[in-house]
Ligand SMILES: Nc1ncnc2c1ncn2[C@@H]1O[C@H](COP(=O)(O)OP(=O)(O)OP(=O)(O)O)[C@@H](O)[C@H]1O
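Shown below, as structure tokens, is a lone chain in the form predicted alone; questions about how it binds or moves come after it.
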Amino acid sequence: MLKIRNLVANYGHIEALHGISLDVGNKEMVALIGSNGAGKTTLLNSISGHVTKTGEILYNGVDISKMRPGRIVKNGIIQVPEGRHVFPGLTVMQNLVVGTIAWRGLRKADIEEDLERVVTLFPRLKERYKQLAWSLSGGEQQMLAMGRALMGRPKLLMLDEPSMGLAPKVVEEMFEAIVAINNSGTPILLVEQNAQLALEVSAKAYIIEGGKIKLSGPSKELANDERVKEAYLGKTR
């Protein structure tokens, strides 16, 4: 579904990604693991069209590297950004409906059906429909950000640090939802600081360091790789 070849990304005169190549297959969950500043978010932002870049980003065989962000979203690639970025002055319901902006021709019945799907996955959002987003807990805001993305009917969902700053119990709930989304057929590119958890839920993973892919392969194999254990999992898991 997604094929990246020799991607070079720049912030002004600073090169942040140095020839990245990566694949996400249909219905696949792929993890991207690396330390802070390794280039994970830059890679997602490059795919979403927010970063100056060269190289190929093929989505279902079409090069999207020169597309504008809005068109990329309309093609089905939706990113949940690090830090959630919900609209604090809008209610939960309004935040969710904003996610349908790429599908302006949707009937009210279609939106209601999508809303029901989201609140089935995140029941707490239904309890807080009329609350303003700023009043939600961090975990609830993360659920809202993911729910808003799902309202956009993603064909490829990109998640940037979904567990950041959340309590362990909430992280567990979040990842149950992520696995359920993937099991329903939506491919996921997952950037996650919890390397062990990312390797447990994904089929394949890439290790990025200094803007370059250093290791890649099946997640189970990387979880047992001594270099990965020492750098990201600790010597004993």
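All values derive from a computational prediction rather than experimental measurement. Quick note: we count residues from 1 along the sequence shown, nothing fancier.
The form predicted together with this ligand exists for this protein as well; it is not shown, and the discussion that follows is about that form.
Checked against this ligand in the predicted complex, the candidates I213, A16, V24, L222 yield a single residue with a heavy atom inside 4.5 Å, and that residue is A16. Though this ligand is absent from this view, in the predicted complex it lies within 4.5 Å of a heavy atom of just one residue from N194, S48, N182, S35, which is S35. Proximity of T186 to this ligand in the predicted complex: non-hydrogen atoms within 4.5 Å are absent; the residue sits far from the partner. Shown alone here, K53 lies farther than 4.5 Å from this ligand in the predicted complex, counting heavy atoms only. Taking the partner from elsewhere, S65 is found to have every heavy atom lying beyond 4.5 Å of this ligand in the predicted complex.
Only one listed stretch (170-178, 39-47, 57-65, 195-203) carries heavy atoms within 4.5 Å of this ligand in the predicted complex, and that stretch is 39-47.
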